[in-house]
Each structure stands twice: as C-alpha cells, then as structure tokens.
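Below, in structure tokens: the form predicted on its own, a single chain.
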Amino acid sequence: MKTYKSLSISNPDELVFGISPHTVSCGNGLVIGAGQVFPEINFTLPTLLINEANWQSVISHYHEICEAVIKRSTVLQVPGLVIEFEQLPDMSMNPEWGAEITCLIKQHLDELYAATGIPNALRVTVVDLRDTDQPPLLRTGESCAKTLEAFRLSAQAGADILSIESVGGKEVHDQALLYADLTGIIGSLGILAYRDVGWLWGQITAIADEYKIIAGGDTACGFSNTAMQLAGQGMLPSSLAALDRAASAPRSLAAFEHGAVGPSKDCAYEGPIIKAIAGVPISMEGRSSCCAHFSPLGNIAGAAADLWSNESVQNINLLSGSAPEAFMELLAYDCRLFNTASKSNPLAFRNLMVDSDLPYSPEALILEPKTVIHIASEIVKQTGGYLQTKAAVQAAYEAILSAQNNGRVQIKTAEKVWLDSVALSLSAVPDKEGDALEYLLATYGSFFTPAAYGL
C-alpha cells in the first residue's frame, strides 16, 4: 500500500489543466497529462429495454454512436481521444454483454488510429453491483463476483483503462447526509468507504496488471454528487455539499494507495485534490455535462483537467445530428481552447475559469486551486482515512468561513444559520477512529455489516 506524506503539487500556480507530474501512457499511443487536454466522450442508449430480444438493437446503437463520434473527431482533428464506455447494470450483470460492446468500441478506436494516427484509449467503467444485497456484503456473494468478472472480461475484450463508481459506505452516508450528521458523514466516508475502496482497488489493480492495462480511478459520485444534486434542489445547504466534497477525497485517494494510476473518473469532482496529492492525471466534467446533470461547477471544473468529459449523453437525434456527435464537437472545441491557452498563458485562462464560478457557490470554492492545496496539505499530515477525512472537512470549513468573511463567496442567508452551527458539530466529531466506529454502530448499525468492511 502506498502512502502519501507530501504533496506532488504544492504550488497552486502549478495546479493547471493538461499537466500532471505523473503522466499515463495507454491505448493507441495516448499520453495523458503531458501538456494537452483531450476529450473524453461518454454516451449511452436511448430508452431501451436491454434483453436478448433487443440485443441486436443495442449493438446497432453502439456501432452508430462510434461511427458518428469518430467521424466528428476526424473532421475536427482532435489531438487525442478517450471513449468511456460506462456499462449499464444489465451489461455488468451479464459480463459477456459488456465485453461484447467493449470489443466493438475498441475495434472502432483501432481503426481510427490506423486511418488517422489520432492517439486514443478506451475506458470501461463497470457498474458496482455489490449493493444489490441489503445490507451490502461487498466482499463476498454473487454480486461481488459478477462485478469482478465484468472487470476481467472487459480487460480481455480490449479495455485500456478500468474504472468504477464504487458504493461501499453509501448505505450509511445517505442516511447521515439527510440529517446533516457530520460525525456520520466523516465516519461513513473515512472508515467504511475508505476501507472498501482500498479492498476493491486491490482486486481491480490485480486484474489490470494481469492484462497489462491501466487501473484508472474511482469517484465519490454516489456520495458527494448526491449531495451536490440535493443542494441544487434546495434540499440541503450548499455548504454541506461543499464539506461533503472535501470529505470524499481520502476515500477516492485510497484507490491510488492501492495501485490506481489515473486518469481519475470524470464525475470525481474531488479530482483536483487527488491530483495535488498523488500527481496523477484527472478527468473532469463541467458545463459540458449539462446533458446529464446540472452543477455550480461549469467552468471551474476545468481548471486542473487533463481529460474533459461530457458525463454521458443518450443516442438521440438533434437538429445537427446525433447527440453523441454533437457533444463530441463541443468537447473538441473546448479542448482546442484549453490547448491554445497552454501555448500562451495557461494561468490566465485557468484563473478566468476559477473566477467565473467562485463567487456563486461554496462548492466551487472546494475546486479553487489555493483551497485545493490547503485541503490536500491537511490530508497528507494525517494517517488513515478517518483522520484524513476529518482534517479535510475542517480545512474546507475554514476556507468557507474565510471566503464568506472577505466576500469572495456568496452564502445564502438561509444557510448562514446552519454554517454557524458547524463549529459545534465538528467539535463533537470523535478524535479516534474507534470512537467514531462505535458511533456508526450505535446510530446506523442496522444499515451496514461490519464484516463487509473487514471490521
């Protein structure tokens, strides 16, 4: 297990798009983090029942999408391309189906490279089926076996990068989030999720190593993106979502402690903190992901991106053409802008992206480079997921208070009362992991099984 005791990037001015201390070479000649930002296009099916009767229609959709995406990539002369194939649940439950589509997409990418020389890679994201059981078993049972089999068959079928949106700890985090229970949030992420990510990525890395491909990265999508969406609907304070985002970084870092090398997942908005600590390239999504979800992070998400993604878009027809082809064009032009700025004044462009979002949301503050470095530096001072998570939340809280006091970030009046209560809540968070675990067992014990986390 790797541990991080210092930052790979300690100067905020060096936390910038397109450049990572540790580059990743993968697929057909693609090098990520070496100076350019590449598009990472992600697509999915229109509303369609996935079963044996419809399987040829499913295959036809993926053929059609790949042809459209590759046509647009060629016309716009992208400098490189990543396709992310996010398996749908039925495709991971039936790993042979996911493998068949993986092979199909890889063939299209190989043909693109042969015809044009455009470097490219295929990321396959397997669905984490392990919460099928309630409480989740995670390390045992059929759902765990199916998840790992889906990884193995995808690797055999031609995946260049393996990723997942893992769910361990979510069964407790969801409950704690609803009650704004900071002890529950920190414990679920720092004890349960941290342990699960470490165990799971030991398995994923072994498969990636066996097939000589890349163990990419995880995401706290099911945790902090849930908080972001609830805050966006006014169902919880945006400051709480911001604290939750910072709290998610150590659990995602655990993937890199257990062999992942990047690029991290696009929906991992904790990516800049991971990049500052581990120095790995990251994929990010912002305004280009509005086809899948809304967020307050449309521009600032690009500040440190090495891949620029659209999250996911259905294969439906727009006036211009198919939606995947249209979003391929959007990503291509965004990346042109990134890469042109890299040749002249990358910091000026990065700062514009940061400053355009920062005043409007405490969630954006967590992605601001100086704040990222502050949170990251507090994380590496601690050992173990629990203390790291607690430190991340404390650092984020201090940053929000400072930004509020100097007028850098607008805090809604209705949220200020809650924000004023956070100091008292944080003071009640146990200093020892054992005490926090006892709290989880006493408060949320019916929702999780300790043995699923090796406890």
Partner chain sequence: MMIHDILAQLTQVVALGKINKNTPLPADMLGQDGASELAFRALEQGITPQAILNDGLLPGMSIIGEKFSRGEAFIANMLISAQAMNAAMEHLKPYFASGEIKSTGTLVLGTVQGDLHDIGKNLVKMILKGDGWEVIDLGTNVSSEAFLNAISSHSDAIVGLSALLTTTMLNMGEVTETLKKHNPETRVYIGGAPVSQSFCQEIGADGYFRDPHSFAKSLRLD
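Note that the structure is a prediction, hence the values are computed from the model and not measured. Numbering follows the first chain given and starts at 1.
Another form, the form predicted in complex with its partner chain, is not on view; read the next lines as being about it.
Although the partner is absent from the chain shown here, Leu45, Pro89 and Leu129 each have a heavy atom within 4.5 Å of its partner chain in the predicted complex.
Using a 4.5 Å cutoff between non-hydrogen atoms, Gly117 does not count as a contact of its partner chain in the predicted complex. Within this chain, Asp174 lines the site of its partner chain in the predicted complex, having a heavy atom no more than 4.5 Å away. A residue is said to contact a partner when one of its heavy atoms sits within 4.5 Å of a partner heavy atom; Ala391 fails this definition for its partner chain in the predicted complex, lying far away.
Proximity of Ala428 to its partner chain in the predicted complex: non-hydrogen atoms within 4.5 Å are absent; the residue sits far from the partner. A heavy atom within 4.5 Å of its partner chain in the predicted complex is found for one listed residue only; from Met353, Ala332, Leu236, Val380, this is Leu236. Only one of Leu337, Val75, Cys103, Leu178 comes within 4.5 Å of its partner chain in the predicted complex through a heavy atom, and that residue is Leu178. Shown alone, this chain has one stretch from 382 to 390, 414 to 422, 33 to 41, 395 to 403 that lies within 4.5 Å of its partner chain in the predicted complex by heavy atoms: 414 to 422. Contacts with its partner chain in the predicted complex, taken as any heavy atom within 4.5 Å, map within 304 to 328 to Gln314 alone.
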